[in-house]
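This document starts with one chain, in the form predicted on its own, laid out as structure tokens.
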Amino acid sequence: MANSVFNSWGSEVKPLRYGARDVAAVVAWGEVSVTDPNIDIVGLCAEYAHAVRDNSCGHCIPCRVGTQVIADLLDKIVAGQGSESHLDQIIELADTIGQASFCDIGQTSPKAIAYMIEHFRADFVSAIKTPPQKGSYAYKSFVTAPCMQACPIHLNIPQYIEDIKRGRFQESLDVIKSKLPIPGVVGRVCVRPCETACQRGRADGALQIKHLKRFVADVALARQAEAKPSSCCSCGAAQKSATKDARVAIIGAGPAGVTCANVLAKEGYKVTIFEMLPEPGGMAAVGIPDYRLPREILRGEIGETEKLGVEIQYNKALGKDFTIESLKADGFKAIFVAMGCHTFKKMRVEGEDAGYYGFVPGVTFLRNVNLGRLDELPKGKSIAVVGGGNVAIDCVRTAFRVGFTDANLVYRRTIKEMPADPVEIHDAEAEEVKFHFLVAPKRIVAENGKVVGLECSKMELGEPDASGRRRPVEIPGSEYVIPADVVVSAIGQEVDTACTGAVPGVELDKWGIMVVDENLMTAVPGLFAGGDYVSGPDTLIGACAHGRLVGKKIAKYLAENVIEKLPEEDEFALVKQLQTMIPAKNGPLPAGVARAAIAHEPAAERKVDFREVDKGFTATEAAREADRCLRCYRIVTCACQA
């Protein structure tokens, strides 16, 4: 048996946890780490070989055939039917598979098997002579990839990209919709953490993962439009009746609430969503302009969840039309608070609270536009928007589309520090938005109660602040005025906590938000909270991830009265631990196929209306882009005390 703790990464051996259990050993990324010197190396190797065989895609013949042979030989050794020649055969096969395979399953996984045999050959020889007793370890194997780990909802990205490459568009969509009910929405507005993690980015550009997701969603939509009116929707969803008695209330029809409802409806629960707006989508509906997210896409995908039997009651606000206590009194056995951040942070500048005509918060500006309340917008030709995030960019680009001819964005740092999506910044530049960098608002200038400009100060960057970005420092005497008929504040959003009221047994944090545990449940059994309501303004895909987790946990809670982490949470938590001990590896990668460009509507034409800016992929373009995927799968096998 192994007689010491070690890892083949050459870094410090750290204790690892899989859920509530200590990890005795783990094989991942083609490397091995052992923390329990008594681990059964032979059993661990055999278990890992099975996982490698089971997850081989089969497209590379040496990997498909060779991993089966390796698993069979290790089974013989464990059963006492092997020979020492089998060990050499396995090492030779491992080298062949590694050299001939296209993806990381074949390139890295056999390497770990060969490593264990070469460094612990005595253990294998001993097992051949005397078959080991069944150990006291429980093994767990799963697949991950850099893009999967970075994705908040952990979509199997390499799989759905592989399906696109093979022309299996419906299969690709099925992979996505197994976790994410609104792929067309996310495929348009996601901030792409997966693409940041894409290993192809080190060679010739990360894959266009977001747009590949959008592509299969749009293909399904096109097929649905071509089908007869009576045909089923593209995803196979149909009107369903609840099969279980327990009823669930969800507060908010945004991405978190809808995703949660989708999960629960498929589990057979009757779900009612209470939405304060007159239509579904939450902040996705009223905070994202149609040129980025067409309203029919959002409504259509949420409609598929409604077809599962989910009821959405509109114009129903928490604290006004109902309370948490009234929902419980009405018989709802579980409640999910999934409200978004609909209020704004103040700039704290002179004139902000004076009630001037022409001053409006960014969230209000976008809401009025998206709900068609253009008569409620302050009128003018010149606008100044303060902020550096996506909301600020959305406001300043929307301004052109509602009649402004001069659009200015004021940001107190440089473009390098802007938190907005670089793609959105580029599109705003193309539409001739005027950027004022290293400038901070100081006073809203008004005449006769009407905004006429924004007084600003020039800034310079000092030492880094708590965010890690260099802190802007005012340059004395640098004040100047940007002429503007309208000033929009878009420096941040907050949750409206006043509507929740006091809920017996529920603890509130210093911001007035319900305190939840690691399972997103409050101290009151059956009362959950998630999405932006818990995290603050976050990504749309992050809200979907919360919604899915809560849906899964509510289903288990109602069925078994149990609240616990899902196996996938433990899996990705283990990977996160591993990432802290794996040295960065930036070896050479194949290059030569550039990242596909996305066609856009001409800037001069699109800026005057709300047509969708991005055109998306054609089938040929999508297949070519999908073919760039390196399939960076990693097999992880860990051993824990049973």
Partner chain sequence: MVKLVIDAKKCEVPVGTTALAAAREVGIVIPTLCSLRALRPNKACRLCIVEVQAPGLEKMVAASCDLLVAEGMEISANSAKIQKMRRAIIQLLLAAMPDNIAVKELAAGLGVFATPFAVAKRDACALCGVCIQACQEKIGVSALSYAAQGGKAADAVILDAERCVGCGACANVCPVGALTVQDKNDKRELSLYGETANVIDLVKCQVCGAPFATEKVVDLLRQRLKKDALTLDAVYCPACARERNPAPCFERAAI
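Residue numbers count along the first chain shown, from 1. Just so we're clear, the structure is a prediction, and the values are computed from it rather than from any experiment.
Keep in mind the form predicted together with the partner chain is missing from the figure; the text below concerns it.
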Although the partner isn't part of this model, could you tell me whether R168 comes within 4.5 Å of the partner chain in the predicted bound form, counting any heavy atom of the residue? yes
Is the gap between A603 and the partner chain in the predicted bound form 4.5 Å or less for some heavy atom pair? no
Partner proximity in the predicted bound form: D54 to the partner chain, non-hydrogen atom cutoff 4.5 Å: yes
Given that the partner is absent here, does T96 sit within 4.5 Å of the partner chain in the predicted bound form, heavy atoms only? yes
Pick from I582, A596, A573, V69: which residue has any heavy atom within 4.5 angstroms of the partner chain in the predicted bound form? V69
Name the residue from V445, L377, A100, L221 that puts a heavy atom within 4.5 Å of the partner chain in the predicted bound form. A100
In the predicted bound form, do I61, Q89 and G592 all put a heavy atom within 4.5 Å of the partner chain? yes
Among 348-356, 389-397, 69-77, 320-328, which stretch sits within 4.5 Å of the partner chain in the predicted bound form, heavy atoms only? 69-77
